[in-house]
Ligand SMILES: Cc1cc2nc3c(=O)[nH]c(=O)nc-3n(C[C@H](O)[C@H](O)[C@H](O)COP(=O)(O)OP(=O)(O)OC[C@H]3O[C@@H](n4cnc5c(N)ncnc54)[C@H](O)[C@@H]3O)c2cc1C
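Below, in structure tokens: the form predicted alone, a single chain.
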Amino acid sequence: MTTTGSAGSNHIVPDRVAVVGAGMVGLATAWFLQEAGVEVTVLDREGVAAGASWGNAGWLTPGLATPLPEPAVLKYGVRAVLSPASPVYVPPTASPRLLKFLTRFARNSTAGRWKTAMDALVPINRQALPAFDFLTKAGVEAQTYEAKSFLAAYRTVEERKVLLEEIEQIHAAGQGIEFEAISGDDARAIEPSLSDEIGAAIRLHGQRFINPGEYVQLLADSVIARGGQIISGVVVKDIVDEIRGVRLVTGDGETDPFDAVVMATGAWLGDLARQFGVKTVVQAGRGYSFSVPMAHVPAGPVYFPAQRIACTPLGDRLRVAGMMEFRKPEAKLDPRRIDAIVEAARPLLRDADLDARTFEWVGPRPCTPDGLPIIGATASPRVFAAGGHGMWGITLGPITGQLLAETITTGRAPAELRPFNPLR
């Protein structure tokens, strides 16, 4: 380890760091630690992008990265959230832990708390796309794609008011996003894949998207090419912080000590972090997706906000994603959720063969009750947390890794991370 800083404020820079979790957040943290000269080992229970990082929509939309708890959530009745077809689903046999999370989530779904959380996200959102650009310029071969069109489509002008009001609130918080409200006919002229059911839309400008599984794999390849080690199939059961370093206890025994450890285990973050003073509950908000062939694949993402369905062009197919299902992260895929997305999307898309689905997938987004991620040092100055990004782990993964690596190597947390203190 190397000591830096002035007398009385020395910080020991770790030489060897273990990152637990090989999703976007964990691998970005590992990559930026390498940029600072740190040797990294990444461990994952399954493998690269095996959790929420693989099958999501892949949107890079910091302009839309807002807190998940919002006043609109409270409009869902109990009957609605208990329905398997609901875009937001809670199982009727919810555990006490889930009920505790949902109670706190509801308390944070007010206009005042949404604004406070939005104010916290704006500074990190502004740096999200530059962090992707940094990776590209540094030689990571994964691509980001400019959205030639990015449409939020609605059946009626009345439905559209909800997002227009939210965009006003986003602007009021100091976060810029360029848009224009257009008719259904104009939307179809831009994107012929929309059906005649669409009567109004919002066109967003300056957005990007990626193929998330491909991107994360290429980021992993870069970490390995730079001398890092990625070990798959390892379940970390415990983290032991002692005088000679931090050891990981796995199903195969114990590792040699590391100088520091980063917990980036997504929806499982609380399992390891609780002993280090992290009290914020991290709950799996599971999302579903599948891919379908289309006569005309859209030129960019298509969003159906009323149905909470996100569509992304990936090569010659369209990925269709949706649902917020609050269940255990390891629960099996529930085909009823896939069916619900299919039936909601069928009347809105033209010439999409929704019955020729492939790559049916479910992944556990790590959600927090206040809608803010958990990033930074825990009660141990050698154990760090990075997770709880909700739906924005892809968008905010690289900037999270960049700012957390700075924290670990300098001993100073950047101002952008202060609202995300793991000990809050």
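In this text, residue numbers run from 1 along the sequence as written. Because the structure is a prediction, the values reported are computed rather than measured.
Another form exists, predicted together with the ligand; not displayed. Remarks below refer to it.
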**Item:** One residue of F276, W114, Y288, F105 in contact with the ligand, assessed in the predicted complex (non-hydrogen atom, 4.5 angstroms)
**Value:** Y288
**Asked** Which listed residue (V235, A173, L354, A306) meets the criterion of a heavy atom within 4.5 Å of the ligand in the predicted complex?
**Response** V235
**Region of this chain that lies against the ligand in the predicted complex, out of 266-274, 217-225, 88-96, 163-171 [heavy atom, 4.5 Å]** = 266-274
**Item:** Exercise: A52 in contact with the ligand in the predicted complex, heavy atom 4.5 Å
**Value:** yes
**Asked** Applying a 4.5 Å heavy atom distance criterion, does V292 contact the ligand in the predicted complex?
**Response** no
**Prompt:** Taking heavy atoms only, is L403 within 4.5 angstroms of the ligand in the predicted complex?
**Reply:** no
**Non-hydrogen atom contact N56 with the ligand in the predicted complex at 4.5 angstroms** = yes
**Request:** Select from 27-54 the residues with a non-hydrogen atom within 4.5 Å of the ligand in the predicted complex and write them out in sequence order.
**Result:** L43, D44, R45, E46, G47, A50, G51, A52, S53
